[in-house]
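For reference, the chain that follows is the form predicted on its own, supplied as structure tokens.
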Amino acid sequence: MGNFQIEKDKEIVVIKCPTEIATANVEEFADLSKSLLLEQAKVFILDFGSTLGISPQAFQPFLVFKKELKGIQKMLFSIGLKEDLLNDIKNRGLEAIFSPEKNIDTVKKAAGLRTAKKLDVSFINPFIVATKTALEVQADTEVSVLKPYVKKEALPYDIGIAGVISLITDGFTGSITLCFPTQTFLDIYNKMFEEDNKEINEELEDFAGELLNIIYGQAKVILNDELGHELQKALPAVLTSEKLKIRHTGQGPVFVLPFDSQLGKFHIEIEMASNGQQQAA
């Protein structure tokens, strides 16, 4: 087994590089690159996630590989470059040769390949963590996470106020809705600001939007920087009613993330779908 490990599909070939790339690896990579040029894939990725260094003499086969790929209209990128190695490549003027990217998803975007995204546990978890953190830090309210489930319209939902943010990415659209029963929301607000409000007014509505903004912002950092979703910046809308009903009209399922606290239960609804829309009545 060689020092370079290959993973491939129809669109992409990933070349996992060894811990150290020295002069002894030059001939091995040169031979490997000749066979890789015969692959149908259009995009090649050098994965340097385990690589600590490249000796000066070992850069040459990568330059040749890049040139040969370009000659047959194929592309070469790299991921996983540690800071010291990336700086070395930049200092040598080789950044354009290696075309560094954050991860495979950003490579796909740079190469013009569509990246299919879906609503799954990896997407939901950042919102669960952000919600728990926001309530416990901002409102000094201990929160426990209940079991998520798929929403069924027939079930009753006690909602007096809701904040809604549209979720927009290159691959899908959808929404996140933070929903509170009226009394739960009043108790959280009153505890946080040491007030005694008996009903929801405009100032309290603004707080609902700010709270959702905090949750969305925290989750977006994980979803964009680590998972490559590239959620866009969005402003929340706040809905109030004695018996507010959130009605989703997109094609995808709606996931309910329920929470409990010493001040009452509340939940988040997340929908992801192509051209999905959300309405409240």
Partner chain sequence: MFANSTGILVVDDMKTMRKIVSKSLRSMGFEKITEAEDGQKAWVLLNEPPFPIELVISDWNMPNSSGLDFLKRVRASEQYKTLPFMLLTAENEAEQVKEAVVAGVSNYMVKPFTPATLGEKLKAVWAKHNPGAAAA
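Residue numbers count along the first chain shown, from 1. All values derive from a computational prediction rather than experimental measurement.
Unshown form predicted together with its partner chain; subsequent notes refer to it.
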Tell me, which of 206, 88, 142, 158 has a heavy atom within 4.5 angstroms of its partner chain in the predicted complex?
206
Partner-contacting position among 50, 218, 60, 55 - heavy atom within 4.5 Å of its partner chain in the predicted complex:
218
For the chain seen here without its partner, which of 142 to 150, 73 to 81, 93 to 101, 206 to 214 has a heavy atom within 4.5 Å of its partner chain in the predicted complex?
206 to 214
Partner contact for residue 121 in the predicted complex: its partner chain, 4.5 angstroms, heavy atom
no
Is residue 125 near its partner chain? Define near as a heavy atom within 4.5 Å, in the predicted complex.
no
Going by a heavy atom distance of 4.5 Å, is residue 67 a contact of its partner chain in the predicted complex?
no
Residue 134: touches its partner chain in the predicted complex, heavy atom cutoff 4.5 angstroms:
yes
Contacts from 182 to 198 to its partner chain in the predicted complex (any heavy atom within 4.5 Å), listed N to C, are 189, 192, 193, 195
